[in-house]
Ligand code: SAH
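Take a look at this one chain, the form predicted on its own, written out in structure tokens.
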Amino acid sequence: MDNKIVLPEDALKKLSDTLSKVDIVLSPEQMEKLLSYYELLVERNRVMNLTAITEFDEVAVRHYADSLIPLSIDGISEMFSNPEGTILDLGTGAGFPGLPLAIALPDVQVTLADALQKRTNFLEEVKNALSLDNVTIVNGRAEELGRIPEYRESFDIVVSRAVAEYRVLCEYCLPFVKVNGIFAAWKGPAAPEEIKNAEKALDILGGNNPEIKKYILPDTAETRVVVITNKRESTAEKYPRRAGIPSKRPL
């Protein structure tokens, strides 16, 4: 391709500096994989809608640092780093936060699920290009996958970023979480209000009192949060409801 993606000359240093601001240190091999991922992302984004963020510095901050933030937050970093753990990224889109987590945590099994075939095809391409043996790609809607025994209550951690309102996310995600596992949702400043609106949903679905972990996105003044919810008991078999209902009629 004549207009091949060209990384900035100082891309490796820029990425390292950005990640260091959130106390993330990766090996040279892991850093190279993130750079290769960026090249594939921007190249494929020319022919399909994967992300509105393509400038390297912005991707480093808003996709990579943001995705990896749980690895430096006290109280949850240990959960994510458990080598015997399993992570599901539901509604992963172009692979965030799941793919950066899989690159940073090569001993952890990470499953990436998305309803759009063209996105899961892209993720398969990235997985193969970067030799990510700890990654599994699944195509399907949350409402359907959540009823499959192979996936239901099978994951230690379920993550989701920028997918839906929190109470809707609870119905999508909690059915996949093992009892005593956690659901981690990346949210913005409206998180406290969204959590308040989700009290009924949490009670119905088996979630415990959510805990808000705040952080500042590097090189910005933006406050973000990861909402950590413990799964206290098994989710009733009737949830998730059929496709489209959770978003149209939230619990």
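Each residue number is its position in the shown sequence, starting from 1. Bear in mind that the values here come from a model prediction, so they are computed numbers and not experimental data.
Keep in mind that the form predicted together with this ligand is missing from the display, and what follows is about it.
- Here the marked residues K14, E32 and L68 all miss this ligand in the model of the complex; none has a heavy atom within 4.5 angstroms.
- Contact with this ligand in the model of the complex, defined as any heavy atom within 4.5 Å, is confined among 134 to 142, 69 to 77, 100 to 108, 148 to 156 to 134 to 142.
- The shortest heavy atom separation between A162 and this ligand in the model of the complex is within 4.5 Å.
- Taking non-hydrogen atoms only, G93 approaches this ligand to within 4.5 angstroms in the model of the complex.
- Although the partner is absent here, E171 sits far enough away that none of its heavy atoms falls within 4.5 Å of this ligand in the model of the complex.
- Looking at L130, you'd find every heavy atom of it more than 4.5 angstroms from this ligand in the model of the complex.
- Contacts with this ligand in the model of the complex, taken as any heavy atom within 4.5 Å, map within 96 to 117 to F96, D114, A115, L116.
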